[in-house]
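Taking the form predicted alone, here's one chain by itself in structure tokens.
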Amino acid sequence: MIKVAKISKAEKSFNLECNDIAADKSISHRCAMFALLSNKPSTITNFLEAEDTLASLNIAKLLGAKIEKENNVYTITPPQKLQEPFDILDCGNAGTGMRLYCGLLSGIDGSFVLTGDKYLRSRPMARVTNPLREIGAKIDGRENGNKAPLHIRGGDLKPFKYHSQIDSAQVKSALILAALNSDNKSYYKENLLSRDHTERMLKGMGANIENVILDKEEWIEITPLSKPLEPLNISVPADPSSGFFFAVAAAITPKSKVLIKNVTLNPTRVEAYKILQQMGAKIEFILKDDKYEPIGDILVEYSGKLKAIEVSKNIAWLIDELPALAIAMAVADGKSIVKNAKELRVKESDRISSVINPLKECGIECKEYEDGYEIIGGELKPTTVDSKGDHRIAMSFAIAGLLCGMEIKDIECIDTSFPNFFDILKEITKVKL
């Protein structure tokens, strides 16, 4: 448990420059996996050294890759052929790791067992395992393949045309990776564009992945690999989802501002900042580079009391930031509403209940719905919050603690994505945490 003290009267505002925000988790996971699709060494600078991403890196090692590190640069040398591991493959707490490796390994000869911590083993996997089974993957697990541990007997896969009813980058990425090991072109469609790091990175490595029109609808066309991909040579940008906690801190603390440096400005990753901007925060996006990903800085400044907002669109672009956004809603003027966000129920925790129940204990009037919630802004009061092992719940209520003080249980989960979170928070509170 940790106690977060509210900002003292002497330090009731802050001006913070964040140049050490954790590297992007989603991109780091993909670097570890996609390097296996080349036959040459990949170099990754600024790889996120958090529990979940290091688990993906260790799985690559168990599959035969040679992993070397010098200073801040990892070199991943893939084997000539991915090997059958001598041990189970532990994904830690990472749904991204488990679901993407399902897609990658389904088309590789061998026997593979994927598992994770107690929280990951309770999360649904049928959204990935079912469509993979339909194209020939041999996958089994608890609840008929819906829960880990999962056993994969990799082999030949069939091409597919799959319209996903779940707008999820994890589902899309798993099917794209499987399609690369098929014997003909495959087609994937989602109703709303989810995070597109997989498409961007694989295309940058030479994969033939295109958007095409079929029957007047847009589909992703994936051509199987005819040769190994080019290696990665990438510096992982900072994670805008991690930076967003401090964006919220600046937006709710009078006379405060934060400059979040070297983050990806991918449109599918900065939607939460745009929502915060609509609520009244002053936000500027500063583009600096655009190779694998658009990269730049985000400046966030307090601009008066926030106003309530309704959020019902582009939920797939907001799914990781909604808990922190809920803290902004809790102190905004009026009633904020979140709809079409049922996906929150199957993240590291049930993030609808994990947000709403503690907010009620903080004295905030709010209601929970099956696919979202409503929050009537008020004055936060201190309480004790159980994070349920969910790093984003723990960090969101730590930010709330800047206004009222807060005790948070089960903070070890923060190490899965943002190991130096409390180091940065200490710069704001000026007290020992």
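Numbering starts at 1 and follows the sequence shown. Since we're looking at a predicted model, the values are computed, not measured.
From this point on, the text means the form predicted in complex with a small molecule, which you will not see here.
Between the small molecule and the residues 257, 121, 347, 261, the one pair within 4.5 Å by heavy atoms in the predicted complex involves 347. Scanning 199, 293, 117, 343 against the small molecule in the predicted complex with a 4.5 Å heavy atom cut-off leaves one residue, 343. Contact with the small molecule in the predicted complex, defined as any heavy atom within 4.5 Å, is confined among 94-102, 305-313, 333-341, 204-212 to 94-102. Residue contact check for residue 181: none of its heavy atoms lie within 4.5 Å of the small molecule in the predicted complex. Put simply, residue 270 is far from the small molecule in the predicted complex: not one heavy atom of it is within 4.5 Å. The small molecule is not shown here, and in the predicted complex it never comes within 4.5 Å of any heavy atom of residue 147. A residue is said to contact a partner when one of its heavy atoms sits within 4.5 Å of a partner heavy atom; residue 169 meets this definition for the small molecule in the predicted complex.
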